[in-house]
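This document starts with one chain, in the form predicted alone, laid out as structure tokens.
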Amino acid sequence: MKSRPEMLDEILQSGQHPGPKIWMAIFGVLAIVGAGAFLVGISGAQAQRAWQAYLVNFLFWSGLAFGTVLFSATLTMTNARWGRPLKRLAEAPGAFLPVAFLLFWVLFFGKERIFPWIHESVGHKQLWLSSGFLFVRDGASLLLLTIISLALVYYSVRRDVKFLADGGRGGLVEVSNNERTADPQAVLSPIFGIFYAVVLSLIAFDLVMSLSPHWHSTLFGAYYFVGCFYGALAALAVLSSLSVKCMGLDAFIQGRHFRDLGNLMLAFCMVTGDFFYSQFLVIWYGDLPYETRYVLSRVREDPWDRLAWAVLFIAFAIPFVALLRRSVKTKPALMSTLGITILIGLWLERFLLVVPSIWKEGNIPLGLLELLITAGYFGIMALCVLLFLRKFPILPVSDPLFRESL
């Protein structure tokens, strides 16, 4: 039976690629169809639905990409060995971030449809809630966080590319603590972690909370960026399962990795749920009209109350119960299914945060248009991930902590 170092050499020599090129064509078609549906939507009678679906998907997919990069940064900050085989998979969605930065500016053309405060007086918030100021500060913040993310990923893959260019020589290298501290990844990771919290809080305040300009919550930013990381863990479970099934990485990503990833998912399922409950409890007991209106319109009023219960069960209750079982956390197929379930629940949760603030009809606007725009975003994200994994090694082959684990 071959050892894992021998299997690693075989994978590197064979130029392992994530699946046939037909998948790139499929995801490309999805991206084109989604873009076409969006353009048709904003030019017709369904412009309001198209713009709000676009905003929901921007928040969901960009948060997911930043969250997976945070996972890679966390591994570096903590010198964790257990998750090293997952490191490159976590970095792959980072390839979507430059595209997400461009997609953000599309929102500028729909600001009249998206932001209600453009058409009404918001009193002392008028200076802050100015469309020009909003797009400048959010655009600059997203650009800064994207640059840090790309730099973090760049220094990670650069070492692997150099290692493979040298023929993979060097074997299992020992690295001193001083050398690890001088590694650009070690310097950038805590910086990224800080800016991740600050920038995503700003995005939550400006692109979600401001849609109900007379409501505010100081905990809302933390709730949003913790939820993004929770979704990123779910996406990583799906990517890990696919890599085991389709790319022959079962010798490197094993049951113990899925178990530890499942433990993290369980922890952040509880943290995200706790943040929501803490926010809900303060608003409920305060019983201030300008605060309770936001919550009541979503959890007590038709038709949003049914969607709120669906989100509670799909994104939190079902994952919580499932992740308590060790037998679930060690099986890639079950973890992949659970990850997809969580992602669906979190997408609906983003939808519930955004749409009731700007949709004034008596129905839930979920239909073919929303599905196609979501499929378009998914196609773009999947294309970015595939292109990244086709260009760079799917395992961090030069990472000393990864090679020590072999």
Partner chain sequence: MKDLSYRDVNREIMNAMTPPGKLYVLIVAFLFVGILVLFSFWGYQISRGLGVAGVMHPVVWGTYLVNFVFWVGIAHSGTLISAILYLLRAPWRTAIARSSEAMTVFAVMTAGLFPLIHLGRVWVVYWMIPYPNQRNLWPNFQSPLVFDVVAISTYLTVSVLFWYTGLIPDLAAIRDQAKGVRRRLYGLFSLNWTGTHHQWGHYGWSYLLFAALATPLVISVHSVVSWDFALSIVPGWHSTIFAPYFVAGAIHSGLAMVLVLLIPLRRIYRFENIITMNTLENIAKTIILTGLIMGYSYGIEYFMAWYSGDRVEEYTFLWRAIGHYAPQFWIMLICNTVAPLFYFFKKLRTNLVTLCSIAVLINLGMWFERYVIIVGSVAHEYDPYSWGIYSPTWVDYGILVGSFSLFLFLFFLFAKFLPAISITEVKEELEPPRRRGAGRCKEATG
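Positions refer to the first chain, counted from 1. What you are looking at is a predicted structure, and each value in this text was computed from that prediction instead of being measured.
There is another form of the same protein, the form predicted in complex with the partner chain; it is not shown, and what comes next is about it.
Since the chain is shown here on its own, which stretch among 121-129, 308-316, 156-164, 86-94 would lie within 4.5 Å of the partner chain in the model of the complex, judged by heavy atoms?
Looking at the partner contacts, the answer comes out as 121-129.
Any chance D274 has a heavy atom within 4.5 Å of the partner chain in the model of the complex?
Residue-level check for D274: yes, a contact with the partner chain.
Is the gap between Y285 and the partner chain in the model of the complex 4.5 Å or less for some heavy atom pair?
Y285: yes, in contact with the partner chain in the model of the complex.
Considering only heavy atoms, tell me if S327 and the partner chain come within 4.5 Å of each other in the model of the complex.
No, S327 is distant from the partner.
Using the partner position in the model of the complex, report whether F115 sits within 4.5 Å of the partner chain, counting heavy atoms only.
Contact with the partner chain, no.
Just to be sure I understand the contacts: of S297, S141, Q254, Q279, which is the one whose heavy atoms reach within 4.5 angstroms of the partner chain in the model of the complex?
Contact with the partner chain in the model of the complex is made by Q279 alone.
Just one of K331, H216, R293, K111 has a heavy atom within 4.5 angstroms of the partner chain in the model of the complex, so which one?
Answer to the contact question: H216.
Each of A25, F27 and A35 having a non-hydrogen atom within 4.5 Å of the partner chain in the model of the complex: is that the case here?
No.
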